[in-house]
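So this first bit is one chain, no partners, the form predicted alone, shown in structure tokens.
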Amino acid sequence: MQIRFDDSSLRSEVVGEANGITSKEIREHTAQAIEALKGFKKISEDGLQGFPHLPFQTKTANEILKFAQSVRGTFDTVCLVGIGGSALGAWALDCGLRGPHPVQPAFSTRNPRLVILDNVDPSFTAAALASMDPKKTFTVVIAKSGSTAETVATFLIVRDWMMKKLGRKAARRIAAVTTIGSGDLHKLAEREGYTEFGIPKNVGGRFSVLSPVGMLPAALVGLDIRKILKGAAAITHECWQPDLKKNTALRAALMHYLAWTLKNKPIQVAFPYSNYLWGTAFWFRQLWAESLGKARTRDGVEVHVGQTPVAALGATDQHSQVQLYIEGPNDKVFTFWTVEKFSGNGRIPKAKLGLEAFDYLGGQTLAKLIDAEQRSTAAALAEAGRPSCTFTLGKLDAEHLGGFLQLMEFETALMGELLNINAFDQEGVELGKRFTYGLMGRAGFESYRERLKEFEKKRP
């Protein structure tokens, strides 16, 4: 497995000192990066954050595989009910290893499709149910707290839909992923007899893709979770190395930190040049935004810090966003994600049509073209003084994707340490949840309903 990080187009030699990082700046902040690594390692060793340990929890993986094998062949659809970190990781894995839905093979009991209900749009939910057969559907409901309003509401609809066709047998076709021993989803799972898998208490939702949150739906649709975890384990060993040359996550965190804080780049564009990595870009968007957008440092200093993540797809978005990126505000750093070896080259036929725009492409490949597109975009950005860097995956398989997801989680955690913030809480999200509970009439949240009414009164 090989994942490379090229930061040369972040350097001042390429994009100028106003926008690029100098060797002196890297040297001056290297000690800070090493301290950030030490700080996060202590947090991990003290058991406060558990995502680094997930790839090594073979007992859990074996339990998931055993369960998935026991139910395989009884369904052609896995319906995942969850939101945010409870859904995006599974989508990243499914899209990354089987492709976006339009290009996946016809679904069957041997190749189940993954349907993710991660929003409460009533039209979308109704259409999703109409596309599935409850007698051939296995439902996975995921909520760490066990009380997320969107997930609970949608699951009540899915549960009723299944029970109308299957009666009490519906419970055999439902698995719950939640905090074992606490929360209302856990209580319901015990009461109705759902198979239950636990989310470690020290693993937050956006860092949970390698827990049962991502591994259970992955195993149910037939992905090789052992290889996913193997790749993540290999990267984890690398991520503890106190050497910028050996630790890709630490080097990437430092370079992004310097681009952000010294060169005033408050926006990061995640720019995959592979449709298969599109789901991962959306997963990363939550990881980066929710982890690093914070009001205060660990010391309580008000900072309102955060780098806004944007997802763009190459080469598609060269024709929709790159005009802004090259000639608009120079407030962005671009992170390309590329694949060295695609599953096929996409050979272009030699059709001699006597038309220049067609003939020069004949006999070449789409793999060569998409590589040229990415390199050309990086060069055009550099000429305009726009810094970029590139992650390159040797190929897109289970090991590489598992490793890349773990690498992104480490980079995010280390960025949090560099900023002296808690990358693992989410008070802003929680406040919105409380307002929703109050507005929907949940007991104990009446004060939030009143606060919301005061807000409504201020609106013209």
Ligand code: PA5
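All values reported here derive from a predicted model rather than from experimental measurement. For every residue, the number given is its place in the sequence shown, counted from 1.
The same protein also has a form predicted in complex with the named molecule, omitted here; what follows describes it.
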Notebook entry, point to check: Every residue in Q286, E290 and K433 with a non-hydrogen atom within 4.5 Å of the named molecule in the model of the complex?
Noted result: yes
Margin query: Please tell me whether any heavy atom belonging to V209 falls inside 4.5 Å of a heavy atom of the named molecule, as the geometry stands in the model of the complex.
Written below: no
Next item on the list: Answer with yes or no whether T125 is in contact with the named molecule in the model of the complex, where contact means some heavy atom within 4.5 Å.
Entry: no
Next item on the list: May I ask you to state whether T280 is within 4.5 Å of the named molecule in the model of the complex, using heavy atom distances?
Entry: no
Item checked: Touches the named molecule in the model of the complex: A143 (any heavy atom, 4.5 Å) -> yes
Check: Considering the named molecule in the model of the complex, which of T377, T154, T139, T148 comes within 4.5 Å of it through any heavy atom?
Finding: T148
Margin query: Exactly one residue in P272, G231, G85, P112 has a non-hydrogen atom within 4.5 Å of the named molecule in the model of the complex; which is it?
Written below: G85
Check: Among 85 to 93, 187 to 195, 312 to 320, 365 to 373, which stretch sits within 4.5 Å of the named molecule in the model of the complex, heavy atoms only?
Finding: 85 to 93
Notebook entry, point to check: Within 419 to 433, which residues come within 4.5 Å of the named molecule in the model of the complex, counting heavy atoms only?
Noted result: Q426, V429, K433
